[in-house]
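Subsequent text provides structure tokens for two forms of one protein chain, presented individually as structure 1 and structure 2.
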Structure 1
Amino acid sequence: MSSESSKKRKPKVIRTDGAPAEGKRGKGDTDQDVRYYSEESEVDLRDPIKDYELYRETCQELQRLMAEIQELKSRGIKENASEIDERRVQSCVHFMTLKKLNRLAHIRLKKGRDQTHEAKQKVDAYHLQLQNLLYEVMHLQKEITKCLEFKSKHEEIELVSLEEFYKEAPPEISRPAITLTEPHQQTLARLDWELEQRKRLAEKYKECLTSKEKILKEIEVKKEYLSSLQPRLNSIMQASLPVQEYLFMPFDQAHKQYETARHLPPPLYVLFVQASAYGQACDKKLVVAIEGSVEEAKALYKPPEDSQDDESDSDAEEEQTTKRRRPTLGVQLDDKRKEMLKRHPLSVTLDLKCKDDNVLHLTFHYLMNLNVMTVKAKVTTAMEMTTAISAGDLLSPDSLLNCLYPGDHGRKTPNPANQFQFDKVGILTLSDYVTELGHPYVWVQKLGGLHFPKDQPQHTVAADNSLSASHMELTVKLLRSRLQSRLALHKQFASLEHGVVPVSSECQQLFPTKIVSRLVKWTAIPYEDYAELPYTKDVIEAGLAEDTHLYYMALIERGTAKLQAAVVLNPGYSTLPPVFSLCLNWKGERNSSNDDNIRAMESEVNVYYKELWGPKPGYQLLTNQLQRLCMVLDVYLETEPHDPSVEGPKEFPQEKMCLRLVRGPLRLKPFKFNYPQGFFSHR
């Protein structure tokens, strides 16, 4: 089989890439030219679809031959060896066919790529030509646009209207016979007329300049005269200072204050103007002044100057910032709080003098970022006052001006917009800072002309002069009355702590000549201790005791009987009377809840307090109430029936003259004192 296959072999074919190999051709080159061929030229002659069909048939034939070889080998017969070799040879031939088809496919692929590359180059060349053409078109369009948008200089000149031109221009310039039909000549004529007008105006301008120079020279002469006049006026003012002091007319000092007042913020300026006007017109003892640094106030309104050395100092600043540690969140919040609560450098002070030369010093500040005013108070007495332990809070800045108007505690800011500002920097309430900043009372805002409506909150509130003027007189009177009442209480507390109830000569007729019960103790107590007392619950529930009030405890004794009196002193004393709650320790504990007569004793001082006011303005009310308590305690003890089981004389013999000892089903005692008869009766 092998010999037959060798005989049938085809002659050897030498494949080249399209040209005969140099150096290998000899004598028989002409005979061998027919046997050489190029596969690249063959690719153009062959059909790719037929090659694909040949490829499929060859692959199927190989599969069939391989299967037959596998089957023959599996039989294991020696006679099948020749058949296996024959099929192997056929398989090799098919493999050669596959290799040839593979070469042809690669050649087709290469030719396709070359054709694609050539087509791409042609497209790129056409695209470049298109871009060049588009660029030329765009350039021509720009040139056209420039030409269309070109404006002549004469278009910027506002020429007079045609009607005015033909009306005012002379005929030699207007030339209506020509210009009415030719727009170009018309424009030239209008420009000539404009030039003629401008020449006239230039001459007029020169004339005005010469007159201006004359006027400036006159002004300079007058300025020199005024500058020389100022030193003379200053010398006259200095010479008139003794006359001003003698006539109590400090014009120079007032002029300096008004110069300083120009730098005040609007609320403080309104307060200063209205207080000064009220002092000059109605109250000569009201002194208004301005304190603080004027230079700092001027710096607030100066625009920040641009630093010229920013570039030179930038490197140094960057080095410093890199070396510094970044501030923590707490430090940043503290800085923001300080900036939020910043006060204006200038403040207004009011000094209210009383008849006894006692002075109430009020310092008004303005919080710039919160747009509210605050006040600080201080009292200066003409004489050194005796120190009373219980009078410690009477003249303290925190309680002196408290509730000057009902409900005005000065703990919260009156501006509703401030709460949103506090939330940003973590401030809960302004009451934590009133010691340093002062109290933002509502009446302080009104004195500065500020009003904050709660129903319609406004971002910016302007200072109103009329609002300040309408509240100035009443507020000054209330402040002076508050100072006098507190000073009167201060003196009274010094006597009460020594067990002496001072009663003025005008009030002696309200009490009998002899009162046995006496005050043995007078102390101040905190609100918490007052609230814990069992016999003060009714007063607290009625809303007559608040933490802004002052609380005291009085102890009145007679023999074994001890009367405790818890006193609530309203800040508006003596317009608003003190409220007493009583508890009698004698043969048990007695108060208003278990003894009707104790309730009647409370009524004598709480309900019928108008009888105890005394002379106006009624600063003796508290001591008269305490004296009446001593009096009614005597009546209570002396009218108690004697216990027959107790031997010996009666502990409290009856010394007061009473028409009736008891009356009515409640067995009330006669607590009313009748002057001048000197007896006690029921109400």
Structure 2
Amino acid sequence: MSSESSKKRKPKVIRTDGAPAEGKRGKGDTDQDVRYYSEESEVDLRDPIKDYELYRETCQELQRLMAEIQELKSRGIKENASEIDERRVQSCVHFMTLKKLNRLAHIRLKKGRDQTHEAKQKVDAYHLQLQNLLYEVMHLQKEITKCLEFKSKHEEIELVSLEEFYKEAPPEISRPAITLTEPHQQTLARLDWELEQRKRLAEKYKECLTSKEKILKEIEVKKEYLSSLQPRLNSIMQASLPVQEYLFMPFDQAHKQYETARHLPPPLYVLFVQASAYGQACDKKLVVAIEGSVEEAKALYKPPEDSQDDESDSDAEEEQTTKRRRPTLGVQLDDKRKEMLKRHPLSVTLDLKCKDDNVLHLTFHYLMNLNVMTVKAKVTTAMEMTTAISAGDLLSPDSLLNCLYPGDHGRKTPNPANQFQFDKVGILTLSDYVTELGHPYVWVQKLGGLHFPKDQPQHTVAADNSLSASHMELTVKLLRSRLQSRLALHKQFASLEHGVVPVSSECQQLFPTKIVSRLVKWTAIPYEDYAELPYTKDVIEAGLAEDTHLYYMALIERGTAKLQAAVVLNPGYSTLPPVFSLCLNWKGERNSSNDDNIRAMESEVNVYYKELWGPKPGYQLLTNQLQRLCMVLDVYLETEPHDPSVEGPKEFPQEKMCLRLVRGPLRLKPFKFNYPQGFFSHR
């Protein structure tokens, strides 16, 4: 413990003091609590400033002593050893004072620190409390705001409006006395009411649900029932087939036909429907059927993507083929024509049976691109008919249905729009293709409900049911009468070619019993030959002889007189009577232009034909006309005045009874036969 070291160690003194204090404390730990520095009690008594002063003094003393010591020591140690010891003891005392002062300082410091520490702790505690309280305040404020903002769920419920509420709610809930005044109670009451309503509705909902379940179950049951019904019905249908056949009620067949009919194009469908309806309602002898391949018909209506693929493929193929085939444009055009004239694969057949079991078969086709229908006809007769040579054309399929309605030749297409289509592919007229395609008569279009106004192209002509219906009955009647008249003519021609004019018993009264002139020849002649005859010009000019008509030549003879008769047979035969043109070769050629009587004979058969029709269908008109011609030739020849310049008797003695031979400015002979009396008179 040198003074320098104590000076130097001053700052460390505290520590070293403390350390050994602690060391000591370690030893005398239990004494620690007991060790009680007396300075602690002195601290409060002494004044720190004085202590400081004391310290300074002490330090100065020490310094002085030290200096003296030093001085002494410098003088020599042995001499001043007592003074050095004295000074040393003084310095030790000073050191003791210093130590005490140090302790005091330390203890002051410690106390100071303790006091500060305490105060600090208190402050901390208060601070903490403040914080706590502040926190709590904030918390409470939050709570308050929360409470203030609280939306009770009841506000989300849409309540019934006040008026309604008071109206509807029962009084025990609404309690108007109370609730009107207090809003809280009011709201409560309203909520009560709401609750009650909801409960009721919830119950209703449950009930509805249950009933719905029930109904669903019932539906299920019924569906199962129905689905089980279908196969049973089918089996019944199958089982009933033999019964149907037995009873001649082919429902199944009809059903199948309707199935196929669904694939028909619209005009054919209209025709089919109308014809079946007509057949069932009015005419049992009309049978309608559908022929053709249904698969092909279905194939026509493939879905668009397939057909587009096909088109692109076929386009590619076509390109290739055209490159290879470039020289043969004609073949291409031919294909295009074939394409244009293509027929729908399905066709409708109508079979018209007549009373004498002759059947007229009509097959109706539909040309898809041209939107017209065509018909082909065929006749099957009940018995084999001997074909007369002149009757060749009568039943030919080509001309059988000609001019069913006046002017309907069936050679031109009735659809004016087709002309433009034809121009594209170089078809001149449809008549070139009529033999294979059938005839596009106007009445056929009308039966299919297609109505083409004359000479005015229209965009689309759709099949119309009412048009077909109105024409069906008339057309069927006309077809029947056409067939029957042709068959009757066929028979008559067979007989005429043998020189016999067949006159039925009902018509015998039109003619006298004895007629000497005979029919010698009956042939068919072509139109050109007819036109060349000199005495037919009037008829052609009057428009009564066209190239659709049939022409015949009859030769009637008596003695040296030969009467040639050129006959125009209109296709609408017995309603449109044939027209005769006469030429008599007897002592010169006489015809209507130079002999009034020949003209009168012509008018007897051409104009006064009503009596010659005979019994109802009137098919005997032609034979009666021929017979009448024979009769009037007789009268003509017999009433010819005797020419005195010629010698010998008259070639034809008068055998017919005539009242007067000449009448009127025309000086006509009596050509009219009066029945029961049997004489001839003038008209």
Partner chain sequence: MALSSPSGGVRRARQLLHVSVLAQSASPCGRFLAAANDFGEIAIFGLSAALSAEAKEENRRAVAVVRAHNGPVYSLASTERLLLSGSDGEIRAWSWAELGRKGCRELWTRRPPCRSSLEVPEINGLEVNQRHELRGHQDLVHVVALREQLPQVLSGGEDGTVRLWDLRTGAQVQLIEVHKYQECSRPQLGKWIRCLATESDWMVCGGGPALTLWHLRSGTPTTVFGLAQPQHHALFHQDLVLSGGVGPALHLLQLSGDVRGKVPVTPAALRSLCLHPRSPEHQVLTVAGNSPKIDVFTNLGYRAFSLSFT
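We call the rigid core whatever largest set of C-alpha positions still superposes within 1.5 Å between the two forms. Numbering runs along the sequence of structure 1, starting at 1. Bear in mind that the values here come from a model prediction, so they are computed numbers and not experimental data.
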Quick check on the two chains I just loaded: which one is the form predicted alone, 1 or 2?
1
On a core-based superposition, does Val425 travel 2 Å or more at its Cα between structure 1 and structure 2?
no
Does Tyr608 count as moved between structure 1 and structure 2, where moved means a C-alpha shift of 2 angstroms or more after fitting the rigid core?
no
Is the C-alpha displacement of Ile144 equal to or greater than 2 Å between structure 1 and structure 2 once the rigid core has been superposed?
yes
Would you look up how far the C-alpha of Asn234 moves between structure 1 and structure 2 when the rigid core is overlaid, in angstrom?
4.2
Enter the rigid core superposed C-alpha shift of Glu168 between structure 1 and structure 2, rounded to one decimal in Å.
24.0
